[in-house]
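Given next, in structure tokens, is a single chain: the form predicted alone.
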């Protein structure tokens, strides 16, 4: 460990690792108050209560499916829109960029209420497809902004150089663009999944109570004052973004010029 990295590891441990470990310990213990000098009493009652919910597994599955679909659509829309805004000049580009980022400035509930009537007419209300589409409203603007910045850093000359060397559009995208956009894809993955998983109101409105996700069974647990139950649910909730990040990271290792951990580096 390099000496100049010590402050970073100390701050990361203090602000992230320590609270996470404390939350994990709290989920396996009875509620306690350290200021009262109470000891830790390990038990599994909080996890038993969590798994006793009949909708837990189905809600977890639907959250994963919806989160994965929202992520795929965010990557597609963000890549295409971000590339167009960063590398091409066209009339009205500023207006188009403002319109694409407008959902950030408009309350999501207002958009959801307006789109609810439209989805009822087209038959997307009370379906998981409608929930996926409404989750794009609070996530797509961030994805476009991230990829816009990424393509601006890559620059148009690099794209033109590959074309001059005879690379096709697909080969350019797979061997040049995607490897250079790894960091942006990771950022979009975490941001999109966290935002999508945290949506309760718009999921209830568009899903109509037919599409059950984790936030919809999480809020009833807020009525309890049992901190151990809340800690168990928080740990379970945090596993989903971690799982999806691991899957995306595994896919990124298949890209060209990736340092694959199973290969011996020379």
Partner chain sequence: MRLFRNKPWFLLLPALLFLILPSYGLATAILESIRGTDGFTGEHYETLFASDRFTASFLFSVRTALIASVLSLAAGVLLTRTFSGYLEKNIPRLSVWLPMVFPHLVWGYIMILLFAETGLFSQLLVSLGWIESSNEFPIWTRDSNGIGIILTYIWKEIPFVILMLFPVYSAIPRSYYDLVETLGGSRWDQFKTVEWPRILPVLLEVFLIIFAFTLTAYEVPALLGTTFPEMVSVLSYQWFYSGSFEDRPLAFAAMTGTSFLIMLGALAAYLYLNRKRMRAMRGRL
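All figures in this text were calculated on a predicted structure; none of them were measured in a lab. Residue numbers count along the first chain shown, from 1. For clarity, a rigid core is taken as the largest C-alpha set superposing within 1.5 Å between two forms.
Only in words, not in the display: the form predicted in complex with its partner chain, which the text now covers.
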Can any non-hydrogen atom of residue 205 be found within 4.5 angstroms of its partner chain in the predicted bound form?
-> yes
With heavy atoms only and a cut-off of 4.5 Å, decide whether residue 80 touches its partner chain in the predicted bound form.
-> yes
May I ask you to check whether residue 210 falls inside a 4.5 Å heavy atom distance of its partner chain in the predicted bound form?
-> no
According to a 4.5 angstroms non-hydrogen atom cut-off, is residue 61 in contact with its partner chain in the predicted bound form?
-> no
With the partner absent here, would 19, 105 and 200 each sit within 4.5 Å of its partner chain in the predicted bound form, counting heavy atoms only?
-> yes
Once the core is aligned, please say if the CA of residue 46 is shifted by at least 2 angstroms between the shown form and the other one.
-> yes
Core-aligned, does residue 21 move its Cα 2 Å or more between the shown form and the other one?
-> yes
Residue 11: with the rigid core matched between the shown form and the other one, does its Cα shift 2 Å or more?
-> yes
